[in-house]
Structures are given as C-alpha cells and as structure tokens.
Ligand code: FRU
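Let's start with one chain on its own, the form predicted on its own, as structure tokens.
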Amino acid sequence: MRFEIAKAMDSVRAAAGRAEADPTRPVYHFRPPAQWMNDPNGTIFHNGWYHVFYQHNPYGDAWGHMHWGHARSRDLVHWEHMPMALWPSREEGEAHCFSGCTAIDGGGRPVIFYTSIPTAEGPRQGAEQWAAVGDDELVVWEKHAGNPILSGEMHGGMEVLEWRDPFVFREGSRTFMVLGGKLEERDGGEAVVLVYEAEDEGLERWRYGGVLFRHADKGLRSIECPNFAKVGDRYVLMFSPYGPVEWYAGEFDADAVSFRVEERGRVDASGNYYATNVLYDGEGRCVLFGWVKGFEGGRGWNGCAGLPRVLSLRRDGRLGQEPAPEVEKLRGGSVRFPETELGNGEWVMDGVGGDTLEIAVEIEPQDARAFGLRVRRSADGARGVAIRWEAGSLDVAGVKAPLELDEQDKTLRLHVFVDKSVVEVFANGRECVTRVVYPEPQDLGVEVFAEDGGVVVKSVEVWEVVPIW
C-alpha cells in the first residue's frame, strides 16, 4: 500500500472512536468511518459488486485535502470499507483529487477520470482531467503515466472556468464524457455542460465536441457534477448548480452531439442533497447516489450519502425516484395501523417512535386545508419535524416542493426515512426532499395531523431500521 494511502487511513482510524460516539450520526446511511465526506464519485457495478468512491478528507471533519475514499457492497445497503483509491500527488504539484467517474475501457481495464487541482505554489495553472488505472477488483490504483488526459488547451482558446467533474457515458459504440464549467462572456457568462468524445478504446485520447447544455440563468456561478444517463428511452441530464440538483430529460443526437430538452425539474428540493452520481447495475437499473450535507461541524465526522434511488421516467414525462428495494433488508419490527378517519387535529401513533425509522403513509384529503406527518415529535407535541401538504406544495421542515395531487386519486403517499439527523422524504414517486435536522434526543414520536378539516388515513406502517455497520 502506498505511504500516502496508509497515512490517510491511519488518520481516519484514529478519529473513528469520536465519530462513533456521536448520537446524531446516521447509522443506516452510508458514510466513512470518520472525518469529512462529500461528493459520491465513480459509482459503478463491476464483477458483482456495487462500488462507491467519494470525496474524502482523512485529516479532518471539514473540507480539505481531497482524496477518494472507497467502499463496496453486494446489496446496495451493507458496505465494506476499502483502501482509499486516490491521493493528491504533491510531488507533481497536485493539491486535490476532485470529483469524477469510473469507466471500463475497451480492453476491460478499469479507469478513474477525475479533476486534478494544482497547488498554489506549483507551475501548473488551472484544473486538468487526470486518469488512474485500477486492477480488476478496483482496489489498487496508479495514476496514468500520460496525465493530463484532457487539458484546457483542447478548447481552442476558449476559457472555461471551474472546469471539472468528468462523467463518462456511452451511446452505441461511441464513448463520450461531459464536464461542467462556466464560459466567461460580456453578458455575465454562461454555466454550461461541455461534451467530449473518446478517439480510442483505451480512453486516452479525447476531442472536444462543443457545448451540450447552456443554463438559462446567466448569474449562475457554474455547473458541478454533471451526469448524463439514459433512463428508459431518453437521456436525463442532472447537475448541481450551487443549489438544489436539477434534472433535464430529452433526446440526445449522437451524430450532431446535441441534446434537446423536453422536461425539467429538481432531483431534490433541498440544498441538503447535492453532487449526484449514477450507475447501471446487473438488472439494468439506473441507480442514483447523492451527498447529504449541512451537518454541524466539530463532531469527528461530516457528511453521508443519501439512500440509493432507482430512477425511471414516468408516463407524465417526469423523473421518477424510489428508494432501492434493497433498503427493505434493514427493516426490523413493524407496526401497521388500519384505515382511520381523522378530523381536525392530531393522531399520535401509540407505541411507535424512534430516531431510526421507515414510515409509509397514505392520506386522502376530505375537506382539510392542510395535512401530513410529523416525526421526531416531542411528548407534548410542541416540537417535531413536519411533512405538510397544502395547496399543491409539500413542505418538509421549511423546504417546499411542488406536489399537485392527481385529480382521480388525490392520495398523498409518503415514504419517509428517519436516521438520527437525516430525514429523507419520497412523495408520490416523483418528489424528494432531504433534510438535516437536530431534534432533542428525547423527541421520538410520530403523528398524522389534519388542519381545518378532515382526512382519511388509508394506511400507516412504521418499521424500525437496523444499523448497517
């Protein structure tokens, strides 16, 4: 094992005890043993394993010293921590290994593509796209001798700021890559997604193919972590624009190297969910990963991954998102309540509560103005994390997502995951809201509520969720 990786892993091990002692730390969402985590990177299904790499600071619980951590899983929920994959090559003037992807080249060789950030004192100016070559188990990685694989010079004099986060995709026999950035122009610039095409099976030579997507907001700082993936019979572009993750669905013309947008929306309404990455597994599913952020500092850890989500395109053209069915493996004991009519007021679930729960509830409005679910409820009802629907909008702890209920079936279907300081909400198969919260430790109750009228609570089921570690 390289000295740099051994040193970094020793630092994480030394911090693990403090991190594990924090009662607010998630126990069934993926996270490193300790210290800082941000973007999921290089997600891939290979030789029967799901692999997740991630931005990792092994030397503290705040951002810095960007390495690539690594874990693998057979089932998407139980994870095995592996040796770190990438480290900053200080001897080559590299300060950070930023985000990227993992691909398998034409000869079956695993290759990581990532953005290399130079040291301030080094001779190199600006970001470059580097590669590392791995063994067949994706455990041992070596920086490519031909780095950089892509450099800013290939843009023919066009300046691209914040050029980073490569993502490789394939269409037919052709291999493409997208990168995010911003073009500087007199009108304030354009945040863009740029596209490149491989010229060889070894994925060592690339040519610039132009701008694939231009963001309409001229004031946007830049585009980070672009993913361009086929879902069903269309392509979905997802990216992180220094705010909630956006998605755009449409048609990709490989010959013209162009993308025609037909639908758009947000992957998650909250800024607590960011920096997505996807993989295709052995069942052909497109599985989404994201970074949950916004935790308090100084706890020996910071950051986790959202639950894996299976993507689909719905009949209405919208992006569908559901928690991967494998998450059900973590269910412990459960309580199910029968259909109940609820007038104006609260229904506290007797005998149900906790800070690691999965909850499925279906509520059909009658004449209530607003209604929903409250988790981490205090015994007196004065506190709680509210998931509240009113007038075509779902509000989760202060973050709103548009959610019109179907005219033929006005049922609100909530699938909620509570994991210590993380609450993930899936609503009607299409809207998601992730929140980082810090309730009082004793606030563990669950209730359904209705305001200014009644509802029919068609079903409620609550499971305990067991830790994955």
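Just so it is clear, the structure is predicted and the values come from calculations on it, not from any experiment. The numbering used is simple: start at 1 and walk along the sequence shown.
If you look for the form predicted together with the named molecule, you will not find it shown, but the lines that follow are about it.
Enquirer: W389, W301, Y274, W247: which sits within 4.5 Å of the named molecule in the predicted bound form by any heavy atom?
Expert: Of the listed residues, the single hit is Y274.
Enquirer: Please tell me which of V433, M66, V418, I44 lies within 4.5 Å of the named molecule in the predicted bound form, judged by heavy atoms.
Expert: Residue within 4.5 Å of the partner: M66.
Enquirer: Spot the stretch among 120-128, 303-311, 93-101, 376-384 with residues whose non-hydrogen atoms come within 4.5 Å of the named molecule in the predicted bound form.
Expert: Heavy atoms within 4.5 Å of the named molecule in the predicted bound form occur in 93-101.
Enquirer: Considering non-hydrogen atoms and a 4.5 Å limit, does the named molecule approach E358 in the predicted bound form?
Expert: E358 lies outside the contact set for the named molecule.
Enquirer: Using a 4.5 angstroms cut-off on non-hydrogen atoms, would N38 count as touching the named molecule in the predicted bound form?
Expert: Heavy-atom contact with the named molecule at 4.5 Å: present for N38.
Enquirer: Even though the named molecule is not shown here, does D165 get within 4.5 Å of it in the predicted bound form, heavy atoms only?
Expert: Yes, contact at 4.5 Å.
Enquirer: Find out whether any non-hydrogen atom of F289 is located within 4.5 angstroms of the named molecule in the predicted bound form, and reply yes or no.
Expert: Outside the cut-off, so no.
Enquirer: Does anything in 221-256 come within 4.5 Å of the named molecule in the predicted bound form by heavy atoms, and if so which residues, in order?
Expert: In sequence order, E224, C225 come within 4.5 Å of the partner.
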